[in-house]
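As C-alpha cells, one chain now follows by itself in the form predicted alone.
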Amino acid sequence: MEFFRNTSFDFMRLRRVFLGLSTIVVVASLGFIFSRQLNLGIDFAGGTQMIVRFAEPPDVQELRGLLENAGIENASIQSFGTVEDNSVILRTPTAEDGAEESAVRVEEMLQQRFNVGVSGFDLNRQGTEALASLLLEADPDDQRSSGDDIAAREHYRRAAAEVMEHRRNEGLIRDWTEIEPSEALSAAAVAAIRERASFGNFAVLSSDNVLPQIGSELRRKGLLAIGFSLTGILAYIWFRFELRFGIGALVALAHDVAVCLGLFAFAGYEFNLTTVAAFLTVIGYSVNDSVVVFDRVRENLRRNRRESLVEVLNRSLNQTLSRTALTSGTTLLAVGSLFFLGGDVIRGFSFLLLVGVLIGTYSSIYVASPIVLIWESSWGREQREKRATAA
C-alpha cells in the first residue's frame, strides 16, 4: 500500500530555512534545560518516592506544610491518577538517617494527621502476612484444632490474600461492605476482621528508596548508554555508507535528543530509567529512518553519477516518502494510544516516544540530508579531488 506515488516535492529547496529553524529550536531547548533543569526521578536524584491514596481529596499545601514541620524539606508533591483517585506522589530527598528512615517519617506524619482515632490493626497499612497472623491468632474457622499450624496458617493466608487483593484493586478500603465472604474468606473470618481491625484514611500504594550514590551511578551509566549508542551508530553508518552520511545521521540524532529533552523538560515529566529507555528507542527509530533514505541515495548515486547530490536527495526522499508516512503513522497510532490511555505511570515514556517519532521523521528529511550537502560542499569534493590526484 502506498499513500504517495510518483511525487516530486523539492524538499531541499527549503533546507536552509528548516536547518536554521532547527538550530534555533536546539539552542532554545538547551537553554531551557539548563535554566529550568530536568525533573530528575529518584532513580537519578536519590531519595524516597511514595504514591499515597487518601479517602478524601488531600490538600497539597497542607501536606507540604506537614512535611516541613516534620523536618522534611524540598519535598515534591503532585496529584496522581484521576481526580476521583485522591492520590498524590510524594518525593522527598534522602534524609541524613537514610532513605528508609525518611519513608518511615513520612508515614508517621500521615498517621498522626489522617488517622486520628484509628487504632488497632489498620487494613489499609498492613500486609497479607500480618493479616494472616491476626486471623491465625483469632482462629475463627477452628483450623488449629487439628494441631497442624502450617496448614492453618496457609488457610488464613488465602483468606488474607482475598482481602488484600481487593485493596490492591481499589487502592483503599473505605467501608466494611467492601469485605464480603467468599470461597477463601468465610463469614466467621470476616466477623473476626471487623472485630479486631479497622481501616485508616490513607494507603501507601508504593514506596521506593534510592541512595544518592546509587542515583549518581545510574545517571552516569544512563548518559554513557546514550553516548555509546551515538558513537556506535556513527561507526556503523560510516562503515556501511560514507563518512558524510554518518555525520548527517549523527547530527540528526543529536538534534532529536536535544529537542526531545527540551520538550520533556518543558512538560515537566519525571526523568528516570524508563526515560533513558525511551531515548534509546527514539535514537533507534530516527537512525532507521535516516538509513532507509541514505540507502536509497546510495542506489541512485550508482545509477546516475552525473546527477547532482541535491537532485539525488530529493528523488530519494520522494521515493521513500510513502514508506516514511506508513511507518510513522502506524507508530504514532500505537504511541498515541499509550499516551492518552496508558495512565500516569507511563505518561512521560509515551510522551517522549510520541514527540520522538515526529521529530525523528522531520530530522531525517530536513537535518540529516542538508548536513550531508554541507559536508559534501565543504570537505567531500576536496577529499575526492585529492584522492584522484594521488591516483
Partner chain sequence: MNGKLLMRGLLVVVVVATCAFWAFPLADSIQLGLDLRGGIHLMLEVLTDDALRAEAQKDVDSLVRELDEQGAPGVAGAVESPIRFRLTGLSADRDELLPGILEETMPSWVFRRNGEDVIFDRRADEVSNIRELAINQALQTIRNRVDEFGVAEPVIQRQGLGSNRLVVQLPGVDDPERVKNLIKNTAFLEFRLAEYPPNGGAAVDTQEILGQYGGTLPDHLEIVAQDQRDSDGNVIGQGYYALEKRPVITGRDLKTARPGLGQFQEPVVNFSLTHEGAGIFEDWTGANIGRPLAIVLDGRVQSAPTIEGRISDSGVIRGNFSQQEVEDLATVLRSGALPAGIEYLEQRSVGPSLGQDSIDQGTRAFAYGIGLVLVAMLVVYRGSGINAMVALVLNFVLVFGVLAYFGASLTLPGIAGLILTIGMAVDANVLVFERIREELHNGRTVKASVVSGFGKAWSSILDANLTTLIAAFFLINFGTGAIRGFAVTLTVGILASVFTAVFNSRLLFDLLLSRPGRVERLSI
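Residue numbers count along the first chain shown, from 1. Everything quoted here is computed from the prediction, not taken from an experiment.
A second form of this protein, the form predicted together with its partner chain, is not displayed here; the remarks below concern that form.
Annotated contacts: Glu68, Gly120 and Arg194 are all free of its partner chain in the predicted bound form [non-hydrogen atom within 4.5 angstroms]. Scanning Gln111, Ser216, Thr274, Ser79 against its partner chain in the predicted bound form with a 4.5 Å heavy atom cut-off leaves one residue, Thr274.
Out of the listed residues Val106, Cys260, Leu313, Val287, Val287 is the one that sits within 4.5 Å of its partner chain in the predicted bound form by at least one heavy atom. Taking the partner from elsewhere, Leu301 is found to have every heavy atom lying beyond 4.5 Å of its partner chain in the predicted bound form.
Among residues of the shown chain, Ser133 is one whose heavy atoms approach its partner chain to within 4.5 Å in the predicted bound form.
For the chain shown alone, Val60 is not a contact residue for its partner chain in the predicted bound form, no non-hydrogen atom being within 4.5 angstroms. Among residues of the shown chain, Ile150 is one whose heavy atoms approach its partner chain to within 4.5 Å in the predicted bound form. Contact with its partner chain, judged by heavy atoms within 4.5 Å in the predicted bound form, is confined among 24 to 32, 358 to 366, 60 to 68, 337 to 345 to 337 to 345. Residues Glu299, Arg303, Gln319, Ser322, Arg323, Leu326, Thr327, Thr330, Thr331 of 299 to 332 are found to place at least one heavy atom within 4.5 Å of its partner chain in the predicted bound form.
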